[in-house]
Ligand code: LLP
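Next comes just one chain, in structure tokens: the form predicted on its own.
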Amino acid sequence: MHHFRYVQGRLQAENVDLESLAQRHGTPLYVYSKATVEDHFKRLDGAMNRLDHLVCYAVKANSNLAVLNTIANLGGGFDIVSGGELYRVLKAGGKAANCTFAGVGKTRAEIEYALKEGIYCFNAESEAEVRYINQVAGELGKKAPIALRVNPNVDAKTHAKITTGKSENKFGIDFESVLGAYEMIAKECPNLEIKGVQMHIGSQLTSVDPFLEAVQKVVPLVQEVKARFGLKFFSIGGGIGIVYRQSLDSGDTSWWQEQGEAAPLSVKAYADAVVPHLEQLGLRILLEPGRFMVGNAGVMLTRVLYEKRGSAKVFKIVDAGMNDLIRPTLYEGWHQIVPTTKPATDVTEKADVVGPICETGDYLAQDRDLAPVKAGDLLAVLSAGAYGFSMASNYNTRPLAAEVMVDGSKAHLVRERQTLDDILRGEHVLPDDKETA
């Protein structure tokens, strides 16, 4: 699952002590395990080896150049949702020809950039977008590769803010309307090349059932589109969930049962369920994992500043806030939080872990049974590799954290800590009226 373990009572990323990284680079600090990213990619890639396929990593989950370069070197493709993400992929050594461009609001500049770089395909999410891509491609004298994102109206049974495959979500074209949209492309859009069908039903799915339901529903549609218009690929999206509660001492899966937790959805169970339905298509199959690839590959280190004992609660006030990791506030996301020095006993106390941001919603955990940590202690917020730094902000004029990638016994600073001058760069006060009079 990951390469974070207590070794002689001290938490390590692969073979590097986390406390030493915090001392060298300060906190808050994101730390990623290269071996974990590689292991997750290889396991998913291998599980799909009965199919002609391409694993297209969802860049939005974690867009650090070192992460993207690691995946590019493994032969991975990329699922991008902006021109900026395409720029990152190219800077990291990835290929535009292995990129699919999703998102409901592509601008002219982004469409032009993607066409000039030669992306693999646009995944379009409305007929209006389809017509606009056709217009821009025609003006550039190019043929734009296109796939339609079909909304299968399948309930992924995940958090309301990360479900994407139901009719009331903003993503995709209704299942009942998508065939007509392909007919419109064939008749009215000479600057488009129909290349595929795409779907994505949501994120952090821990059961194979929604995946299977969506594939079984959409495969007949794909067969019809292929027969009528020709296709090269079918993208089944991403969404494989991860375990946010895990052992740091052993990889024994019996640990989850002992803790009353469900075992993680394995890539084998996922592949065993969906591959038989995909083999019959004779198409290239694309996957778009994000969280699965990097979620358990990262931790965020934060230092305890103060302890505050009130009449109602105990607060552990740390130097990382919702601007550094917004998932607990935005999604009620649960992250395991442990001290980097293994506690000598199992004694815990109930406390809130809160940050310095001037918001009541600024917390990393609430009513959590924690080891009795004190000011100065270092905590690791686990499973923070996905939607952690990539969703960070400068709220309260707080600099963005530094990022480190560990590769075996070596640790590399892959993003310098932002400075206050970095934050203010590009801002200007109004000129003095006396000077312009």
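Only a predicted model underlies this, so the values are computations on that prediction, with no experimental measurement involved. Don't overthink the numbering: it's just position in the shown sequence, from 1.
From this point on, the text means the form predicted in complex with the named molecule, which you will not see here.
Student: Among the candidate stretches 136-144, 225-233, 108-116, 238-246, which one is within 4.5 Å of the named molecule in the predicted bound form when only heavy atoms are counted?
Tutor: Stretch 238-246 is the one.
Student: Please determine whether K316 contacts the named molecule in the predicted bound form, using a 4.5 Å cut-off between heavy atoms.
Tutor: K316: no contact with the named molecule in the predicted bound form.
Student: Would R368 count as a contact of the named molecule in the predicted bound form, using a 4.5 angstroms cut-off between non-hydrogen atoms?
Tutor: Answer no; every heavy atom of R368 is more than 4.5 Å from the named molecule in the predicted bound form.
Student: Though only this chain appears here, would D324 touch the named molecule in the predicted bound form if you measure heavy atom gaps against 4.5 Å?
Tutor: Judged by the heavy-atom cut-off of 4.5 Å, D324 is well away from the named molecule in the predicted bound form.
Student: Within a 4.5 Å heavy atom cut-off, is L65 in contact with the named molecule in the predicted bound form?
Tutor: Output for L65 is no: heavy atoms all beyond 4.5 Å of the named molecule.
Student: Taking a heavy atom within 4.5 Å as contact, would all three of K91, Y120 and L286 count as contacting the named molecule in the predicted bound form?
Tutor: Looking in the predicted bound form, the three residues K91, Y120 and L286 all stay beyond 4.5 Å of the named molecule (heavy atoms).
Student: Exactly one of A102, L301, A214, L364 has a non-hydrogen atom within 4.5 Å of the named molecule in the predicted bound form; which residue is it?
Tutor: So the residue touching the named molecule in the predicted bound form, by this definition, is A102.
Student: Could you spot which one of L379, L29, A58, V37 gets a heavy atom to within 4.5 Å of the named molecule in the predicted bound form?
Tutor: None of the others qualify; the residue that does is A58.
Student: Note that the named molecule is not shown here; using its position in the predicted bound form, name the residues of 341-361 with a heavy atom within 4.5 Å of it, in sequence order.
Tutor: Result: empty, none.
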